[in-house]
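Single chain ahead, by itself, as structure tokens, in the form predicted on its own.
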């Protein structure tokens, strides 16, 4: 499956690779020959390409997939600050907002990972994300002073825990590390309720499989090699599961000869330097996998592995800067991982 990952080091003026520069995603579903062909539809939303691939009679598949995309578009309007009338945009303007429904559930999932990771995942990073221009097509390296001031405001920000944020001071919430996963979960829920037997929903590498893959039963999920994103570091073989990847090669820019990626460390306000290049998390639901992948990347190998090993139903594939691959204990039993790619080394 295809998405908007960065095609290589940016040259000239600092910029993020445009979403329509399409290459292999960090996580993609692999299909084999000689099996039934799924019905597929792809749309651009949530800042990436989203592909829904289902096994069902064509008429039923078309209707169900259309409804799934409508549901994800609805969630994008709720959880994206770029929509002027969205709750997140109103929070940033200091307006009163009732936290309910989807927004409350997305925030609850993000805060659960934030607490478990001691803040390595932080939904209050909106001002810093905007400072770096990471959600725009003209990113820049902010001054140390700008980052320090934003960190000070973030440290004093209490994310609303009740049903209403009364307004007043701006609340710079950013749900980019968790909303796509939630949208994938809701799309799968709708497809299953519509009677679709099996398929994959993939939102730029945040994906969820459901049902049994026709012909083989299991699903194959490829993980990109961070050094050569058009090649695979390995392939996961899974049943019904959610998968999300965070990597420093997915979105980045260069300025004055320094490379800056998009995964910010909430403790410093700068791109995380944890010794990892890529983190792929497997979990029962995609909203959890999405947030955990970011948290583990920020924490680094030792603390990140500890977080995954202690999270019910979560597993992970971590690739370090030297090419070493780390696997959590549950991989190799019900979940298989086959290594591939040049330069990828095991840690024994």
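Numbering follows the first chain given and starts at 1. Note that the structure is a prediction, hence the values are computed from the model and not measured.
The protein also exists as the form predicted together with adenosine-5'-diphosphate; that form is not presented, and the subsequent description refers to it.
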* Asked: What stretch, of 94 to 102, 263 to 271, 221 to 229, 207 to 215, brings heavy atoms to within 4.5 Å of adenosine-5'-diphosphate in the model of the complex?
  -> 263 to 271
* Asked: Would adenosine-5'-diphosphate in the model of the complex be within 4.5 angstroms of a non-hydrogen atom of every residue among 109, 307 and 311?
  -> no
* Structure fact -> Checked 276, 81, 120, 241 for heavy atoms within 4.5 Å of adenosine-5'-diphosphate in the model of the complex; positive is 120
* **The single option of 139, 87, 234, 177 touching adenosine-5'-diphosphate in the model of the complex, heavy atom within 4.5 Å** => 177
* Is there any non-hydrogen atom of residue 202 lying within 4.5 Å of adenosine-5'-diphosphate in the model of the complex? -> no
* State yes or no: in the model of the complex, is some non-hydrogen atom of residue 52 no more than 4.5 angstroms from a non-hydrogen atom of adenosine-5'-diphosphate? => no
* Does residue 188 make contact with adenosine-5'-diphosphate in the model of the complex, using a 4.5 Å heavy atom cut-off? -> no
* **Any non-hydrogen atom of residue 125 within 4.5 angstroms of adenosine-5'-diphosphate in the model of the complex** => yes
* Heavy atoms within 4.5 Å of adenosine-5'-diphosphate in the model of the complex is the criterion; list the residues of 298 to 322 that meet it. => 298
